[in-house]
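Two forms, one protein chain; structure tokens for each follow separately as structure 1 and structure 2.
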Structure 1
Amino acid sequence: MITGELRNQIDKLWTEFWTGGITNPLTVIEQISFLMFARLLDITETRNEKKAERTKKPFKKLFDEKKQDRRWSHFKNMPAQEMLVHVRDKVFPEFKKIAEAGVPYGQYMKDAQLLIQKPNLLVSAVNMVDDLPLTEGDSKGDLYEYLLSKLTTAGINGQFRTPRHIIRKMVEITDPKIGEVVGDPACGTGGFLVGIMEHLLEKNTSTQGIIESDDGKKTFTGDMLKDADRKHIRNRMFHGFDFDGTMLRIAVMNLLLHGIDAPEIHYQDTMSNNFTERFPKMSEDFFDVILANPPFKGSLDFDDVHPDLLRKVKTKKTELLFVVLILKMMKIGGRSATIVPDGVLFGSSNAHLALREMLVDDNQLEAVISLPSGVFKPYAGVSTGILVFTKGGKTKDVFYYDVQADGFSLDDKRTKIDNDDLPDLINRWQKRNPKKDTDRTGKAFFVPADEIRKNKYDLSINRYKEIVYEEDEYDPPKEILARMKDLEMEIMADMDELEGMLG
């Protein structure tokens, strides 16, 4: 549980980074992540040492005898100037060796560079990281999420953080289960994967396993998970790809702190030719569930795009190619919820049409959920929707839902408000019935696939939603005319009177 005090501490550190000259929030998070990593290495080492002492069995040391001064516990109390030089020149280069030694998450840290240049800033950062409850099981993730919530500017390639409450609803709609394999082809900070993890814990926690904190927030311990389940979650379940090194590091740290200590997070442009070469298994017919918010405007190396994707939909638009890619990566029967800009739903180019035909005719398009255009503020005001689809089969009826409020104001501030359609969305989705949900003036309704085909595969909700019509009401023309005459007469009388007053 992340307390108010801890939050204040993080906020304070944030301002210190600013005044210390590091203003890019991504860099700040990355630097803090490196320090957390340094501390986690020390924690692991200490734990192993204690275990070795008890069992009298030797273990593979991360830090050999001569390099004990690289450990967190050693340098954390150094004087400021000395600490800066030591961490920069000794500790960070050490990460590379450790990475090669094969700590599961080590490979992402090998390029670590200390960008902090003010000794005092480093001391503050180290002190704060030292205070973080990194050894306590369930709160570490929340803490990191709080750090990530400070990412309020979009990246160069248009990456932005998907709001967590939207992620949770997408997870609930696709409902991933233990034993399945899940992935995100453009994972960013790993939000979707973390969302799935939280969902699994919630589903597998007994009433006794719920820890309630003072402010009423519940933590789910996942006490009903079996050892085999945990092993699957840790090693095989989660897959993410991205081609932004900073994002990857953050994603790994995020998953790690949420209890997934060996996630398959890879540096990979999933659109590219070499995806199939490097990950032949994962690039085709592999996943049970894919959740994604792929980049909409990201630049694309067109010549490097895998020809399999272009054969289906010839375009340079990443938002279209990603949907094709997701279909390719999933097994038959695999489920996806993917955020797309509204243009995908009604665009009239050949590529747009081809993609929609593919979704409706060769796969099962399950739902189109229209989101209000402020959902991604303050990053972007773009209007979007969530496509829910299953690979293979043929579409019969498509569930539509018109989300008009998501519990937050739709301006740049995004302050919490009472109006929230999302719980109703889940409720209507779970109880959906094509025979009963036919009222097109309501928020949720079904549209038969044939009707969509007739409308040139237009998927936009406005095409099918019906607006409650109120007839125009006016008095009969003659009555209005009479009133006009009366008014004219009044005005005439008024003018006469006025004339009289002026004498």
Structure 2
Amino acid sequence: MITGELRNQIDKLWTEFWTGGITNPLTVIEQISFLMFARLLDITETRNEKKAERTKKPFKKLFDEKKQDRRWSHFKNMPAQEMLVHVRDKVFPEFKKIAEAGVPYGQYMKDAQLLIQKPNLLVSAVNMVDDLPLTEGDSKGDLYEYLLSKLTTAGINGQFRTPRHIIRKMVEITDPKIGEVVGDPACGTGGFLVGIMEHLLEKNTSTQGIIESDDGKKTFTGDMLKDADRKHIRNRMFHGFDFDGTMLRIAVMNLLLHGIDAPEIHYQDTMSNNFTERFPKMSEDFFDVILANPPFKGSLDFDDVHPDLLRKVKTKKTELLFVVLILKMMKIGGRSATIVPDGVLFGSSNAHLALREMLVDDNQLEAVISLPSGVFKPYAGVSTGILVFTKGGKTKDVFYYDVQADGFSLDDKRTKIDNDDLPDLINRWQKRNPKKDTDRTGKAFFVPADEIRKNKYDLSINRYKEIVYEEDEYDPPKEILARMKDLEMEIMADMDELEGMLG
């Protein structure tokens, strides 16, 4: 858990970046990530040196004898102007050579460029990164999440940072397990993958393995995980794709700081023609679980989209194509929770209809969860829902839940409030029963698939929810008129009195 002091330091540095002319939050986080990477390299090198000294066994150095000045411990105390030139001209270019040497994560940092122009700003950033607890288990992930929480602008193509409390509920609903393979075809900052990692740790921690801090925050150590489980988590379980280089670097750093040492994170447009060529195994029938909040802004050219997707749903809309892609990437029985704009649920185009038919008739559409329209503020006020589905089989009944409050105000400030439907959502989902959950005036209820088919596969909750109107009682019109006349007479009397006082 980051302390108030550390939080204040980050806030102060954030302000310094703004006053230093770097105002894009993504750029600020990227620059801080580069500096964190520089420090992590030095931490790794120091650890290897101590191990070699103890075991008397040689190791492959990241920095040879002539490049010791590239190490964090060497340049962090340089005078401001000297540090700026040194980091810009020697340290950052070294990342490329380190990437070529095969260092994990190096490939994502090889194009690093120092955009900090002011020497004093660099000194402040280096001092802050030097104070960060990058070697302390859970807290390093928390601090990076705090940095990410400052993202208030969307990335390219309408990428929104998914609120972490929404991610947690999507993870709980799909319940990924050790041994499964999980992915996100548009991973952004890696939030879903981090959420799954946290879920696994919580599910595999004994009572004795829970560490509780003074403020009540619990840290789950995952002490019940076996060595084979940890190996699977580190090397095979997590997969993410994105074609925004900045997002990719941030995702990698986010996963690294949350203890996922070697995830499969790739620079790739999963919609494009070359996805199946570059990743033939992962592009089809591969994943057990996919969680996603794919970008749903703009449209694509047909020539850029893989024909397999267009054969299913001929459209240029990314929000439709991503659902088709996710179905393609999952193995039979694979399950997904995917955020979509409301239009996917009721749009009338042939493509919209074809997608919904595919979900209901060729797969198991498990749930439609309606989210309030302010969930993605301050990025956007778009109305969205979560589709929960399993690949293969056939839909029988669909669980609906109307989330009206998510524990935060629905304005741009997103202030914490008491009203929160999400715990009830999980409770109702875990106890769901099509025979009992039939009251359509409540927040949770089932709708038979046949009824959905009769309504042209309309999946919007408003189609099926019954609204109960409460009758308001008013006084008879004659009584209201009488009171209005009395009031008018009082006003006129007051005006006569005022006129008399004026002579």
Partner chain sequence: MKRTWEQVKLTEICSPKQWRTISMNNLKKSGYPVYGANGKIGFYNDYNHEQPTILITCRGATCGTINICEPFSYVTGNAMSLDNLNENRVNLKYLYYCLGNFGLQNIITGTAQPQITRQSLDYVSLPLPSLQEQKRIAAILDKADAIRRKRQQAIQLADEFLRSVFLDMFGDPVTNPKGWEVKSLGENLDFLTSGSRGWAKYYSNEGEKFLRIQNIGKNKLFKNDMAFVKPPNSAEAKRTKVKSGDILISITADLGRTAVVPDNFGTAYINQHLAIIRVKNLNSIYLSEYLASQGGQVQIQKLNRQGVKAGLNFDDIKSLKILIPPLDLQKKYEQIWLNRYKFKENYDQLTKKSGEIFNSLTQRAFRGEL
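We call the rigid core whatever largest set of C-alpha positions still superposes within 1.5 Å between the two forms. Structure 1 provides the reference sequence; residues are numbered from 1 along it. These figures come from a predicted structure and were not determined experimentally.
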Legend entry - Structure number, where the criterion is the form predicted together with its partner chain: 1
Legend entry - Cα displacement of residue 476 between structures 1 and 2 reaching 2 Å, rigid core superposed: yes
Legend entry - Smaller rigid segment rotation relative to the larger between structures 1 and 2 [°]: 16
